[in-house]
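One chain comes next, on its own, written as structure tokens: the form predicted on its own.
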């Protein structure tokens, strides 16, 4: 018996189910057919919203960037009173970036594979805005350069951690938390 197409908001339901599937097991085995079955709709129904599996994965990556931007902004805004030193607030936000990557590794990997979705630019704009706020009066070129340098350091460190490339022998007596602080010092300047 054929399953019905009708579903309240199938696009959103597919996206949510795909996000959960990616976070549970990565994106390599994601199947539109299995998602449709899990949502109780026909196997053809997802194709009314996503041309193919790659289109769904691009939407998942885009949603990932939106969530990363939300985490960054929440950390920036929630890290103390607005009067707190912007540099200290920026460090809290930078930790949120690393936290997002380590808490959602499969989603993070997907976000940085393939072409950048529109949400990537919005997430970067939010990152750049917080750097600009932490460097009042800095020239635009300085803000852009610091943003790229900071993002490169944070992303590189997160990726190395996710891929298990930082080995215990590399750290020596340095605990992982101290290594993170060293990366933040390099990316943002020493803590005040």
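As the structure is a prediction and not an experimental result, all values here were calculated from the model. What we label the rigid core is the largest C-alpha set whose atoms superpose within 1.5 Å from one form to the other. Numbering follows the first chain given and starts at 1.
The discussion below concerns the form predicted in complex with another copy of the chain, not included here.
Evaluate residue 73 for contact with another copy of the chain in the predicted complex, applying a 4.5 angstroms cut-off between non-hydrogen atoms, and reply yes or no.
-> Outside the cut-off, so no.
is_contact(residue 15, another copy of the chain) in the predicted complex, heavy atom dist at most 4.5 Å = No, residue 15 sits far enough from another copy of the chain in the predicted complex that none of its heavy atoms falls within 4.5 Å.
Would residue 78 sit within 4.5 Å of another copy of the chain in the predicted complex, counting heavy atoms only?
-> Contact check for residue 78: no, nothing within 4.5 Å of another copy of the chain in the predicted complex.
Does residue 50 reach another copy of the chain in the predicted complex, with heavy atoms at most 4.5 Å apart?
-> Although another copy of the chain is absent here, residue 50 would stay clear of it in the predicted complex, with no heavy atoms inside 4.5 Å.
Is it the case that 117, 165 and 170 all touch another copy of the chain in the predicted complex, with a non-hydrogen atom of each within 4.5 angstroms?
-> The answer is yes; 117, 165 and 170 each reach another copy of the chain.
Just give me the single entry in 149, 59, 39, 30 that has a non-hydrogen atom within 4.5 angstroms of another copy of the chain in the predicted complex.
-> Looking at 149, 59, 39, 30 one by one, just 149 meets the 4.5 Å heavy-atom criterion.
Of 138, 69, 153, 129, which residue is found within 4.5 angstroms of another copy of the chain in the predicted complex when only non-hydrogen atoms are counted?
-> Of the listed residues, the single hit is 153.
Look at residue 168 and decide if its Cα position differs by 2 Å or more between this form and the one not shown after superposing on the rigid core.
-> Yes.
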